[in-house]
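The chain below stands alone, shown as structure tokens; this is the form predicted alone.
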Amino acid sequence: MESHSTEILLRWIVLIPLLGAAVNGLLNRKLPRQVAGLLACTTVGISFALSIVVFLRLLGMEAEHRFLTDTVATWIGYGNLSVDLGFAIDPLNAVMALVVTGIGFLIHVYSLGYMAHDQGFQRFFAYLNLFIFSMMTLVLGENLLMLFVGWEGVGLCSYLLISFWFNDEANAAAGKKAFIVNRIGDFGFLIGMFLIGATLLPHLQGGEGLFSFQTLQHHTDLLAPVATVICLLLFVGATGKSAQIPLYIWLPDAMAGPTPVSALIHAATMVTAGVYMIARMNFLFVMSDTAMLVVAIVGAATAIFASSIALVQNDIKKVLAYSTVSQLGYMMLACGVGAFGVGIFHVMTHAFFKALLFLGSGSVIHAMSDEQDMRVMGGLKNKLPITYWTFLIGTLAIAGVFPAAGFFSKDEILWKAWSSGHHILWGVGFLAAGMTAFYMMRLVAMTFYGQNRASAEVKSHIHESPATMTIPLIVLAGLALVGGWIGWPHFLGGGAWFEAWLEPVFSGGHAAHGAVVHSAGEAHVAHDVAMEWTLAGASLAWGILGLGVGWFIYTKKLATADSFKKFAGGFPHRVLLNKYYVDEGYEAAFIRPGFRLSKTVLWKVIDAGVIDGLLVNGAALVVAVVGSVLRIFQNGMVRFYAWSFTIGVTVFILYLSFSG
């Protein structure tokens, strides 16, 4: 009975935020602001509390039996095709559920202060709740099709939230860009699912769910011949959601939305969906060395590519946006070298420090009267003390400084890359880590140190944010500082508890691939402890060096930064500032030709010529001609009708006479 009562909580973890979205969305401005905000926060808070209850239930179970499922109904049932509408939880998505609802709750609370005076207050919270509902559907879905429903849901919500201030053309364009780019990735995801269905369906017995993760794992032998193709197609979807090369271009533009949206998308929800999907499908990915190598290479390339762009950006949120792209590359690198658990570990620690950094940037923007350009900031350390100290903790965490959370997950990713034999990929990740430390300290120095460069009017309004904004910052700062300790590695005397917690989820896939599986509490891989100490020390020193150089240049030697702008005629700086002109390249290669194609061929030929001309206007012409002919015989003249009747009778009599 206890188990069943726990299982049924899964549906409510998902559905309660939907209830909040429905009430706020339907009543909208009829609902007082305080009620709308309280309702939205409460529903996500309840979902978080239920996630804790389910997590504790799993924690009390034996490691190999940590799995609960809640089947609501049969969604599709025809012959041997069966797909359930249901939810399931195991150690992997238990972590994701806690991260999504926990961080989501803090962002909801923060939004009470940040969006307090916005006209679309109720609508904003309806969208936030809908986002949490979609993400929890993705995370807790019992099968791949349910995951895809949530996958599409977060895509829709990202469009609604990024373009929330839709009266601004840039915001509306950013929302459309996110939606369209993600649809490109989703096309690959769909084809991958179709291939899975076509491969498995003929072999399934009655009662086996076609896309159930358990069914897929049970029939990996049938999927083995097409595993590489399926994995690469699924990875195309992941490059869209998790902003990897070449579909990363939507994420920096997503900064057009309100800052809480940036934190929600970048930290805890949408962008981690691709990493989660690959981790969830680990049993299939490990069957293809090609797919794994592609994931690792793309992840490493994305990490260093985005880091280089972040070095010179001047918009505080754009720096953090490219930082997110880079950190997602780290997660993909971990998955690509087979360290799925470490990738999820970085998902969690990244959620802590990146939510902190984005919400901290929102506090700065709030204080600076909506200014986002770091070149007109400075000197905010003493005026925004809570924001400054919490932001500094987030910076140390993302730079991988011991003992902050980022040190443990980033160092473990680099070690896994090295120990798996991918030394070049380790080098790329190592270089990106130093760049990350540098550009984050550059951000801190330009924002909080030196003299304030804003106008006198802006200076007069600078003040610390209200408690609804600073309390979430303090909580997240604590998590960014100590949240990584649950993954304290063996070589430092820890038990690598986080990896042991996830081990039952990934052990089956590794075993199928012939990898060594270790029990919890033992060293997870036989390795040279001295080498791990060396690499960890080098990584820590590299991060501290990056922070030190960034602080020195942007507080003491600004002329050095100016000299880089002039180096080689300013070309390197222009290239980085303009993001390698990738958007311009896409514009020239795809968007403008696509526009011309739609305007000339699709519109003039197909729409205007075939559809309007032939089908619509042609049908009208046929009706007109037929009507004109019929009007000849329906003229209202009695004498014409009489003669017509006489001729008809005559013809009929003649026919009868000669036919006999």
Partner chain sequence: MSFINDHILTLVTFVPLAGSLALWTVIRRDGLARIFALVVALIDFVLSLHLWFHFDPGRGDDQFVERFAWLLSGEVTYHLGMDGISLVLALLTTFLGPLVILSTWSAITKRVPGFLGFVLFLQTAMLGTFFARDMLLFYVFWEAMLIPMYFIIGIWGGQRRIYASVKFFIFTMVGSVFMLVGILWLFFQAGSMALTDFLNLQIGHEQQLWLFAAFFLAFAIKVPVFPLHTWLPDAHVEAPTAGSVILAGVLLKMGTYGMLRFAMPLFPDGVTFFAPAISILAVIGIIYGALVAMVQPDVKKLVAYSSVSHLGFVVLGLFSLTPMGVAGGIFQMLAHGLSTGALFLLVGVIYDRRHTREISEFGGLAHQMPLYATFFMIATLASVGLPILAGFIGEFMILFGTFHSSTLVHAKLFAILAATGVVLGAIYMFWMYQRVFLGKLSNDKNRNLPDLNLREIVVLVPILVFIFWLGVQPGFILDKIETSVEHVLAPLGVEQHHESQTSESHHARILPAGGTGSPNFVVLEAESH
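Just so we're on the same page, rigid core means the largest C-alpha set that superposes within 1.5 Å between forms. Residue numbers count along the first chain shown, from 1. Small disclaimer: the values here were computed from a predicted structure and weren't measured.
Heads up, the form predicted together with its partner chain isn't pictured, but that's what we're talking about next.
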| property | result |
| --- | --- |
| 4.5 angstroms heavy atom contact with its partner chain in the model of the complex for F105 | no |
| Contact of V616 with its partner chain in the model of the complex (heavy atom, 4.5 Å) | yes |
| 4.5 angstroms heavy atom contact with its partner chain in the model of the complex for S598 | yes |
| E152, heavy atom within 4.5 angstroms of its partner chain in the model of the complex | yes |
| Stretch in contact, per heavy atom within 4.5 angstroms of its partner chain in the model of the complex, of 197-205, 418-426, 484-492, 369-377 | 197-205 |
| Sole residue of S563, T74, S455, N382 within 4.5 Å of its partner chain in the model of the complex, by heavy atom | T74 |
| Interface residue in the model of the complex among H573, K176, K459, H218, criterion: non-hydrogen atom within 4.5 angstroms of its partner chain | K176 |
| Heavy atom distance at most 4.5 Å to its partner chain in the model of the complex, all of L27, G120 and G585 | no |
| Neighbours of its partner chain in the model of the complex among 80-95 [non-hydrogen atom within 4.5 angstroms] | N80, L81, L85 |
| Rigid core superposed: Q214 CA moves 2 Å or more between this form and the one not shown | no |
| Per-residue C-alpha change between this form and the one not shown, G585, threshold 2 Å, rigid core fit | no |
| Y78 C-alpha relocation of at least 2 Å between this form and the one not shown, rigid core basis | yes |
